Every structure is written in C-alpha cells, then in structure tokens.
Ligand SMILES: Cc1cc2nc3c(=O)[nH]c(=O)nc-3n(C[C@H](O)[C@H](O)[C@H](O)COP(=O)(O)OP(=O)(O)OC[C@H]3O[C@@H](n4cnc5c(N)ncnc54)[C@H](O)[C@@H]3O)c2cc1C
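In structure tokens, one chain follows: the form predicted on its own.
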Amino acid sequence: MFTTVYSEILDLIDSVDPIKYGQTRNYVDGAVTRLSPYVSRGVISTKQIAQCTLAKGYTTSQISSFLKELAWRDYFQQVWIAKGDAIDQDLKQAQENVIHYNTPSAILKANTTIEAVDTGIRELYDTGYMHNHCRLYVASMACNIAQSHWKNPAQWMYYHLLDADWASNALSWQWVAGSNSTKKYVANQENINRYCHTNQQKTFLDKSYEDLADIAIPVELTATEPFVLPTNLPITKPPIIDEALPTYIYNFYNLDPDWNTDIKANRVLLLEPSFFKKYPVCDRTIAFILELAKNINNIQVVVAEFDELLAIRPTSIHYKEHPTTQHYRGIQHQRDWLSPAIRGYFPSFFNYWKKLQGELLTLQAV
C-alpha cells in the first residue's frame, strides 16, 4: 500500500488534488494524500509538499484546507519542542471523568460492534494506516465513552501506525479527550454513518450528542486488558567510519534522501534502543524505515546509543533538529518548516495558523 521508492513518493506529491482533498478528506474514501508516513519519517517535508502544490498555480486561499493539514504537523512539532516530555501528560488541564488507564479490549480486538470503527482498526493492523477521521472516532470512543485516560490507547495506536509521530498522535488524542482543548470531541453513530458510508442503527452511539454526554459506559467497552509493545530492532555491526569525512546521522524522524547529497560523507541510520523503549513501534514500522533508508546512498544501519556512536570517533557530526535529538552533539541542521520564521509555543492552532498565513505567500511566489 505504501511505496518506499523515493521517485514514486515524489510522484505521489505531484498527484495530489488539493481541491478535491478539501472537499472530501473527512470521508473514509475521500481524496486523502497518504503522504503522512513520508512526512513523519522525514523523507519529505511539509514545505516541499506545499511548494510543489502551489507551483501548479493554486492560491493559498483556494487550498487553505489542504495547507491547514500540513500546518497542523508543524504546529504539533512546535508544541513538542516547546513543552518536551510535558506532552506525555495532560497538557492544559486534567482529562475529566477518567476511571482507568487501560484500553478497552473491544478496541484492541476490533470488536466494538461499531462497524466502521472495527474496519478501521483491522486496516490499522493489516496496513499500518488508519483514516484520520477514524482515529478521532477511536479516540472519542476510548476516552469519552469508555472513560479511559488517553495515553495508554494513544501509545497502542502510535505503535501500529506507519506515520507514527508522537507529537501529532499524543496531542490529537489530548484534543479529543479535552486535556489539550476547550471541549471534548464526541462522535455519534449518525456522524460515523455519514463519513464512513455505513447505515448502522441502535448501537450504543446511536444517540443525540446531548444523550451521549451522560451515557453510562456501554457493556461492549467495559472490559480492559494490558498489552505489551515490543520493538524488535535488527542486529547490526559497528559502522565503518572514514575519519576524513563528516558523519551525517539519520534516525526515525529523518530519512531525507536529498539531505546534502552533494557532500561526500559517512551516513548512518542510528536506531537507539532507549528511543524505542520510550516510543515503541511494531515490526512493520521497523521494516518500513529500513526500506526507506535504502533511498540514501551508502547508508549504514547502526543499533546503538548516540554516545556509543561517539566512541567510534566519527568526525564532524551533522544531524537535523528534532525534539528527540536534543542529546545529540555536533552541527544541527534546521528542519524544512513551512515557515522557519515562526517558532515557539502557540496555545492554539488558530493562533499559529493566523501568523503562518502571511508566510505561506512567500512559498506561493517561489
């Protein structure tokens, strides 16, 4: 379903229809781009996508819906940079009405009895993809119907997603749960039927929003169970380092095949066990990043901590900025933001977007 060939990924950018996207993206069969795994893995950037799309002659106002979705990615990253590990907990206020810190068994087993949701969970298990609207439905069901705290089910979803981005995932779950927003997000059966083309009736979600606000936890969602999220990293050898050349470090969030390719360098994909212990991902995701890394000429895959790599004495280390690379030492390269001028914490996406809009005009002029 998701190619790992760089030229084909670039073709996917070129094939985006931003108008149709804006009109249909909320539907499970809408014209979504499916570019998120490549953005999350740093193969392509939000700026790259925006520039390519605007170069076709669209104005920023014509495709604002599309540009906003790109902006959400950058916004969440800015929150992560500003708040650090604070995004691992309730960010703005405590999630209300929490009765446990587990995940409903019915969600884990794709057996919630809500057809569209169960189909989405099975697709996640089979492909590593889940439509964004379905992600909201699952989060709403877990947090606001089953009264789970958001973090445990958010970790489960992140584990299985090819586009696993902890900022986007954790902060979206908190937005649904009301710990990073002014109100909770709740979806009823009518909403799900509309956007998923189902026709279910008489489910525990087949109620008005007023009635859902006071619903008792449905029997279908009462059982919970723990789960284990192991990450299986490959067995690797120490890298062969040419001390006469600089060393470029790639990682889970940076697999950019075009990064300073004119410079002859040692190129290392560093997979730190401590990182994956904190942010575990499934075998499919590990296989995905290893295939994506093949787009980078002469890259060596190394499973080690950064300090262990330093012991090999690579010279002139280069890396890209990211909240998870703050312990790296060397020459930090700026990421390819939609606007490098807009940095820092914004309490709401609206505030960020309002400031970003003017900057996007410069992309249109390129």
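Since this is a predicted model, take the numbers as computed values, not measurements. For every residue, the number given is its place in the sequence shown, counted from 1.
Not pictured, yet referred to below: the form predicted in complex with the named molecule.
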Which one, M157, L221, L271, I289, lies within 4.5 Å of the named molecule in the predicted bound form by heavy atoms?
M157
The named molecule isn't shown here, but in the predicted bound form which of Q48, T325, Q300, S36 has a heavy atom within 4.5 Å of it?
S36
Would you check, heavy atoms only and a 4.5 Å threshold, whether W72 touches the named molecule in the predicted bound form?
yes
Y21: touches the named molecule in the predicted bound form, heavy atom cutoff 4.5 angstroms:
yes
Taking 4.5 angstroms as the cut-off for heavy atoms, does I107 touch the named molecule in the predicted bound form?
no
Give a yes/no on whether D165 approaches the named molecule to within 4.5 Å in the predicted bound form, heavy atoms considered.
yes
Each of V32, L136 and N169 within 4.5 Å of the named molecule in the predicted bound form, by any heavy atom, yes or no?
yes
Taking the partner as it appears in the predicted bound form, which of 189-197, 126-134, 289-297, 88-96 has residues with heavy atoms within 4.5 Å of the named molecule?
126-134
